[in-house]
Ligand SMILES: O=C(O)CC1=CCC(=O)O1
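The data below hold one chain only, encoded as structure tokens and taken in the form predicted on its own.
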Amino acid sequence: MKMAELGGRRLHYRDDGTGAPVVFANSLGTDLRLWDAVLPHLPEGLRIIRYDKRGHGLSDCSKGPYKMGELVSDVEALLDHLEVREAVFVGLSIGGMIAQGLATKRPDLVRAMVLSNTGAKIGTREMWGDRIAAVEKGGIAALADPILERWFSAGFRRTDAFHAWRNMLLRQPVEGYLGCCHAIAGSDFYATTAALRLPTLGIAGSEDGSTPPDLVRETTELVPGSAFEILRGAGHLPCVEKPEDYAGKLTAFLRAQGHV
């Protein structure tokens, strides 16, 4: 386990391999294990960097609410700490919003991005306000079942592996979960993402109830020349349900950028 001290905050991260860097950012309510099943199917010769965002996993859980700019600054500081430049940044859900923010703020850090199951804007302030109120009253468990229905297809919810993901969600710090809910609620990247000019791949799950394919496609198409893929039979976390297919889409994109 590695911890980076970044100006008074500590982020847990993994830094594996050497070569061209690929950075992975997780969804709300998950930690860096989100990508475990994908990594064995990626080509050799990559430097794989994963991290737990603020308030998640083993990273520090500072008092919320958080702003998206803070989450972007966290990974910016981590990549500077690791002396990383020109990475391909893969972000899922809130991780995809972080990707958009980082690519806008620090184009030297991001040469290409993968926007997975995300949007330039996700939901409404009212929707997030309702979720925040429900979690404040009853904890994450109060919303766990509807959240997991959006995360995973019906078939995956009948597997043994599903219960591990349910436990991961329930064990996230409530303060960190709520902090990131506030960050999503206050974010709208439509204008800034439309100004980006870098290779971009969008990935959606056909059964995604949190960021439906049309939202992911709309966001991806803000960037001229972008590509878009749908993984059939997968929900909000296709890297969990369809890891080989997900890795195949990602590998093809990496090869197209000369990053492998």
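Note that residue numbering begins at 1 and tracks the sequence as displayed. Being a predicted model, the structure only gives us computed values, none of them experimental.
One more form of this protein should be noted, the form predicted in complex with this ligand, which is absent from this view; the next part is about it.
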Using heavy atoms only and a 4.5 Å cut-off, determine which of 75, 90, 103, 94 is in contact with this ligand in the model of the complex. 94
Out of 27, 200, 59, 219, which one falls within 4.5 Å of this ligand in the model of the complex, going by heavy atoms? 27
Heavy atoms within 4.5 Å of this ligand in the model of the complex: which stretch in 79-87, 159-167, 106-114, 126-134 meets that? 126-134
Residue 151 versus this ligand, in the model of the complex: is there a non-hydrogen atom within 4.5 Å? yes
4.5 Å heavy atom contact, residue 193 to this ligand in the model of the complex: no
When the contact criterion is heavy atoms within 4.5 Å, does residue 185 count as touching this ligand in the model of the complex? no
Any chance residue 177 has a heavy atom within 4.5 Å of this ligand in the model of the complex? yes
Going through 223-241 from first to last, which residues have a non-hydrogen atom within 4.5 Å of this ligand in the model of the complex? 236
